[in-house]
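The same protein chain appears twice below, in two forms, each given on its own as structure tokens and labelled structure 1 and structure 2.
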Structure 1
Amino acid sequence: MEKHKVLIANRGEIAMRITRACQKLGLDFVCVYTAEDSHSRHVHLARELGGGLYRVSSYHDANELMAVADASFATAVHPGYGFFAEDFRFARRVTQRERGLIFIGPSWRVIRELGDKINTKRLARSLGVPTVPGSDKPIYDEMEAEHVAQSLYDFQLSSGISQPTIMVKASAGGGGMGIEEVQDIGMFRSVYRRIRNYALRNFKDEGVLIEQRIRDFNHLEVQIVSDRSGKNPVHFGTRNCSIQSTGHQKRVEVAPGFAPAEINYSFDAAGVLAEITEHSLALARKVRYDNVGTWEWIVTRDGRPFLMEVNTRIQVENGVSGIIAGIREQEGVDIIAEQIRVGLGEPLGYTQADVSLSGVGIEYRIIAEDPAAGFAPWVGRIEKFAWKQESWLEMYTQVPVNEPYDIPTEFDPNLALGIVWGKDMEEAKMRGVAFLDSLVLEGADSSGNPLKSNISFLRAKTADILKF
């Protein structure tokens, strides 16, 4: 492999994992940090391993990152997750600037194509990949809108749904703005007009999407990896991310997505898993997907999957897929290292036949929050943080274990990711509980109240994993 230097444009545990992956691949790297993060372990690690280290004013400032890249003679940029990970303009800028860099992630056209939900839905439909029933284009005409809404209503009734619900959302919106649900079809017209006018005022586009509102589902993901040729994507199995906080933030992720051998489902679970991986690979081939990505699905209680969106980045929970996967004789896959390797242009070097999946992995997101109070974040100083090392446990954290740590409030709240592996579900559950029991997380906030964490919530939820 050519000698590359990777700018790690992120923070916290993902920056640490990317740093380690670079070290493993024998690549130079350079890290950035902001003033609030100066005590984060990713900074310590960068110092320890002798990489470049630059202080920036913000992880969001592309100009500053480019300046760091030039000053440190970096040749590639890894965006991690969040920040610039799914920003096609950043990817385009990185590759098209005068001193071009490699963007470790899909090419910007792919990010743009799959970043648009309508476009993704249309691509999926063009391949016969199942998507949520409803419109796949912005609707501008009131007659058409009413027609679609009525059809959706009839359709849900005839599929045995007693309380049909229709979602009306501004096609140019996002982040939960301009979305409303309609349960009474008689109310549709007024809701439609409200959303349309809202969209016209706020997004200068009165297009509206009308879809079925699906309730009672499991959230599944398919992990895809492909090299720059875009022709031969492989998958590393599925994940089930259905255990979430009340704000629909993931807390526990399990690989694989279902356990048909151990749990009875009302539908053909193995068939659904096979179906969604096949569909995901088909779409990846169609868009010539050329890096690591996650295909997000929802599966209803009667076993019908619908593609929701594609995350064109490495995800937090990639490790849980990595821990159950293997390539040829090697056990466990470092998906981040794979991402960097193919990102820099190396061919994948293996096919789906070389990939094996074994056992069950559980990832816990350990967060200082109060599940009893609507998962309200807790802010303060961590005094003590320890756990028992095990061969079946991987722990990723930016929190230092030998000194107190003030939780920064500017970033996402993950303190640590604990990933356990068991040869079957029972063993994994047992080990998961054992891990959570061994975990010590203590601290106090500014007024002396003890630290609150979600550990007991995670322990309670362990019993229910993979149950629909």
Structure 2
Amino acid sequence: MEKHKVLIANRGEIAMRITRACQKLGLDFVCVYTAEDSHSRHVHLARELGGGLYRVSSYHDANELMAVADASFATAVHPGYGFFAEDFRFARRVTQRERGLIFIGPSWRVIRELGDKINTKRLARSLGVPTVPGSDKPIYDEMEAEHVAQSLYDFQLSSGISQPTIMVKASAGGGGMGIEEVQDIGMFRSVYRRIRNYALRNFKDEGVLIEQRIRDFNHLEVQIVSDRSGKNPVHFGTRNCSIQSTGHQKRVEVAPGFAPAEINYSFDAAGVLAEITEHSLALARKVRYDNVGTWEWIVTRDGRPFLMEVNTRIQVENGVSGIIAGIREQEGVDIIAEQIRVGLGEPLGYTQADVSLSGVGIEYRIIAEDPAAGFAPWVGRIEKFAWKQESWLEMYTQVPVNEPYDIPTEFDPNLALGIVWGKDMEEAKMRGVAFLDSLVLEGADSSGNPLKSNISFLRAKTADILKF
């Protein structure tokens, strides 16, 4: 593999995982951090492994990141997730600047093509891929938006839906952000204006997508990997991300997406998994997808799948797919390492026939928040954080384990990802509860009130994993 130095343009646990992947691949790396992250373990790890380390004023400042790339003689940029990960303009700038770098992610053209939910819907429909009923082009005109919303509302009424609901989304958004529901059609105009303004501020594009609200569904994903040829995408199975906060933010992810051998569903669950996987690969081939990506689906209680969007980046939950996957004789797949390897131009080197899937993986997002108060973030100091090491457990955290840690208020209070594996669902659930019970998480806020976390919520929800 050709020698490269990778600028890791992110923070926290994802920066640590990219650092470890670079180390595994024999690549040099350089990390960045802000003043608020001075005590993050991703900073300690960069120093420990002898990588470059630069302080920046913001992870959102592309000029600073490019300056670090030049000062450190980096040859590639890994954006992680969030920040610039799905910004095609940033990816284009990285590759087309005078001292061009490799962007470790899909090509900027692919990001642009699939980053717009509406364009993705058009492409999907051209292939016969089922999508959520609603607009198939960005709507910028308020009167047109009202017309689409009214038609969807009337359609639901005529279909016997007693409480019609419209979803208003920023077409260039993702990750559950920039989305509101409308049940009273009289409130549509104010919600539309709010989402349009949000989209303009956050995504520099005020295009809005209007869809029917599908109720009573499971949220599934398909993990895709492809090399720069874009000709031979493979999948690493499915995930179920239906356990979420009230704000549509994922809290538990499970791979695979259903367990037809252990749970009786009212539909052909194995058939649905096969269907969404084939549809996802067909769309990947259509656009010549050339890196790691996730196809997000909703599946209704009667087994009807609808494609929601494509996330053109590595996702938080990549590890739960990796823990159930294997390539030839290798058990477990480091999907971040695969992303870097093919992102730097290496051929994939295997086909779908070489990929195996076994067991069940559960990923828990450990967060300083209060589920009883609408998942409100908790702010304070962590005094102690520990857990029992197990062969079936992978733990990723930027929180120092041997010293106090003040949770930065500038970022989401995500503390750790715990991923467990079991030979079947029952073993995975049993191990998941054992992991959560072993966690020691203590701290207090500035008034001396004890730390709040979602650990009890995660434990309670473990019993419902993969049930519809």
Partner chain sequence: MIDVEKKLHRLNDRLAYIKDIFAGKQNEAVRMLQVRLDDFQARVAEMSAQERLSAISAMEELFTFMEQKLDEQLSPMDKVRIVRHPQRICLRDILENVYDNYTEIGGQDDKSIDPSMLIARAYITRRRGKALHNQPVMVIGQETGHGDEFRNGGSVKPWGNAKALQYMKVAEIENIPVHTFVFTPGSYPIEDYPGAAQQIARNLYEMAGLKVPIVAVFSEGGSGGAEAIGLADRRLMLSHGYYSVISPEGAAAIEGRLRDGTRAAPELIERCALQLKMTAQDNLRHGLIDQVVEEPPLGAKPYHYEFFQSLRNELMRATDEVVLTTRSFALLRGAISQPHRPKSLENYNAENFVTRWSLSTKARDRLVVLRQKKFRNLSNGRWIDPRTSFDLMLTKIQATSTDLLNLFRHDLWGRRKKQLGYAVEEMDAGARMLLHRIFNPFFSFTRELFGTKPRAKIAEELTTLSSWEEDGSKNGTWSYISSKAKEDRAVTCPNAAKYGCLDLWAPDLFGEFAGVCTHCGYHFPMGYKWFMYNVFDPGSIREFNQEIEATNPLNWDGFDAKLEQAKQKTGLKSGCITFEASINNTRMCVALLAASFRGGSVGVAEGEKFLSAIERAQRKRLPVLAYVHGTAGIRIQEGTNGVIQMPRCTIGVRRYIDAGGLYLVVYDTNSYAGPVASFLGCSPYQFAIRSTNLGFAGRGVIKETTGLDIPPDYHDAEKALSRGHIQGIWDRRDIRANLQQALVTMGGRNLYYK
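Residue numbering: sequential along structure 1, first residue numbered 1. Remember, predicted model here, so these are calculated numbers, not experimental data. In this text, the rigid core denotes the largest set of C-alpha atoms whose superposition between the two forms falls within 1.5 Å.
- Each structure shows the same chain on its own, and structure 2 is the form predicted on its own.
- For the motion between structures 1 and 2, the hinge, where fit shifts from one rigid part to the other, lands on Arg215 out of Arg215, Leu393, Gln23, Ala261.
- Superimposing on the larger rigid part's C-alpha atoms between structures 1 and 2 leaves the smaller part rotated by 32 degrees.
- Superposing the rigid core and comparing between structures 1 and 2 gives a CA shift of 6.3 Å at Gly160.
- In the core-aligned comparison between structures 1 and 2, the Cα atom of Glu211 sits 3.4 Å away from its counterpart.
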